[in-house]
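So this first bit is one chain, no partners, the form predicted on its own, shown in structure tokens.
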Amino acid sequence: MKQTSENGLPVEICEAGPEKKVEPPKIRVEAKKKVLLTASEATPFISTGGLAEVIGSLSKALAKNERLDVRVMIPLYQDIKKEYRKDFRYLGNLFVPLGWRSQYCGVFEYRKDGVTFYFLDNEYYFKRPGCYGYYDDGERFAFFCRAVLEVMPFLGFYPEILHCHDWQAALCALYLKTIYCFRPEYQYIRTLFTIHNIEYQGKFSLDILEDLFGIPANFRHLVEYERCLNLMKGAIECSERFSTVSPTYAGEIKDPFYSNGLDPIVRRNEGKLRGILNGIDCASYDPETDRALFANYSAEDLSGKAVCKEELQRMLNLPVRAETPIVAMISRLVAHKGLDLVKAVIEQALRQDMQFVLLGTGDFAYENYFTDLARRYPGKVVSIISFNPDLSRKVYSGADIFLMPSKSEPCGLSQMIASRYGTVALVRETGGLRDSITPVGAGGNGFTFRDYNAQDMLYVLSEALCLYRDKEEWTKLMKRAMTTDFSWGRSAFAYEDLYMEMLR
């Protein structure tokens, strides 16, 4: 019915009718995207270097996104820490075809930090000390990769993103695209292959393609390169995307100087290439809470760092002098870490007021050189030929300058960890070092030099030692280093974007 308002305009009046039941709007729950990371190692279970830290930290960061179901598969090595192993849950076993063989595979599960970890067991391949360095590494990791694909129906878990890391997991991408892609349940899996170090490509003889790897001869062209089988090349060819662990390194591997011969393949596939800088686990590397330190401290209260330095000097039998800067290196002792630059000028550098501490293992020639250097410079040089995670944290926190003059460095974590502990990094501008450390002259968080030249490194080191005497400026620099965002949150977000791009 209609009535008239005070100003003469008609007004519609609704008469009361029977009450209608209003249905609440239906909320659409989107299914989680399934992501499976495959690699040869992962923290906290077993680690030989940066790859394990990336797998452990990246998976945890990705799992914080409620849209992702994140899982990880690694081999069940003999040396996996017993504190975790005792809580593994046995799911069952199956047999994995590999060439003419059919091998047992046990499947174990463990959940931590929102991530489901699977451990693939075969005592013939993995009940050995360590992870690598055996004559049959090709066969061992071929079994692992084939088992990753075979375990999927056993678990009822088919990922939308299969994220493979380094040559040990490269065959996952090849097997998926050559053997399993003809099965309907595998057809929607997209593969991302991440190169952590292009130097290690997984090269093998051509005559073992079918017998050892079980790949039909008609797919030989995918892995053949320079008269051998190259598993990294095959993974690049077969993956929807491939990535490196820093943007600068993604550009560098197109150059023959950095690519170890693989640059033609990288350039041919560069449309699929992405570079995403690694992060570090900031909860683990936190000077406020780290129990390995002599004293805890923060960017707001640095008093504990002075205690760490004093106690480190006492422990290493160095003169306890607060005004003398400690220059530290924690590194594998191999050529591409820039150790030839250090050898060329370290004795010149030692003429200045500084102490030098080296921690690491590697080539005998470098181990012997630095051991002899410590013998010739007592009270100035300490060389510890060891892999010691607890001691490394004491060195990170007690040193003043962290030296990392790498010839090539895909990402590098040590410069980020050192910065987190207020130890100012001095790096060469390559790979992830360039992406994470910016020069102090531009208001940055460390010291850098560009050319691979020993005198350039010595010049910048002398600058750093000079600035150390200016306590006010040095304190500001330490705080900038400590407050730089090296967390996995930023990196995980970039990987999530890449996953979604692949799915689109």
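On a predicted model such as this, the values are computed, not experimentally measured, just so you know. The first residue of the shown sequence is 1; numbering continues from there.
The same protein also exists as the form predicted in complex with a small molecule; that form is not shown, yet it is the one meant from here on.
Trainee: Only one of Ile326, Ile189, Leu174, Leu413 has a non-hydrogen atom within 4.5 angstroms of the small molecule in the predicted bound form; which is it?
Mentor: Going through each option in turn, the one that passes is Leu413.
Trainee: To verify the annotation, which of these, Ile437, Leu36, Ala39, Val54, has a non-hydrogen atom within 4.5 Å of the small molecule in the predicted bound form?
Mentor: None of the others qualify; the residue that does is Val54.
Trainee: May I ask you to state whether His196 is within 4.5 Å of the small molecule in the predicted bound form, using heavy atom distances?
Mentor: Although the small molecule is absent here, His196 would touch it in the predicted bound form, with heavy atoms inside 4.5 Å.
Trainee: Does Asn278 reach the small molecule in the predicted bound form, with heavy atoms at most 4.5 Å apart?
Mentor: Contact with the small molecule, yes.
Trainee: Does at least one non-hydrogen atom of Val245 fall within 4.5 angstroms of the small molecule in the predicted bound form?
Mentor: Flag for Val245 set to yes.
Trainee: Contact with the small molecule in the predicted bound form for Lys112, defined as at least one heavy atom pair within 4.5 Å: yes or no?
Mentor: Contact check for Lys112: no, nothing within 4.5 Å of the small molecule in the predicted bound form.
Trainee: Tell me, please, which stretch of 460 to 468, 44 to 52, 439 to 447, 64 to 72 lies within 4.5 angstroms of the small molecule in the predicted bound form when heavy atoms are compared?
Mentor: It is 44 to 52 that comes within 4.5 Å of the partner.
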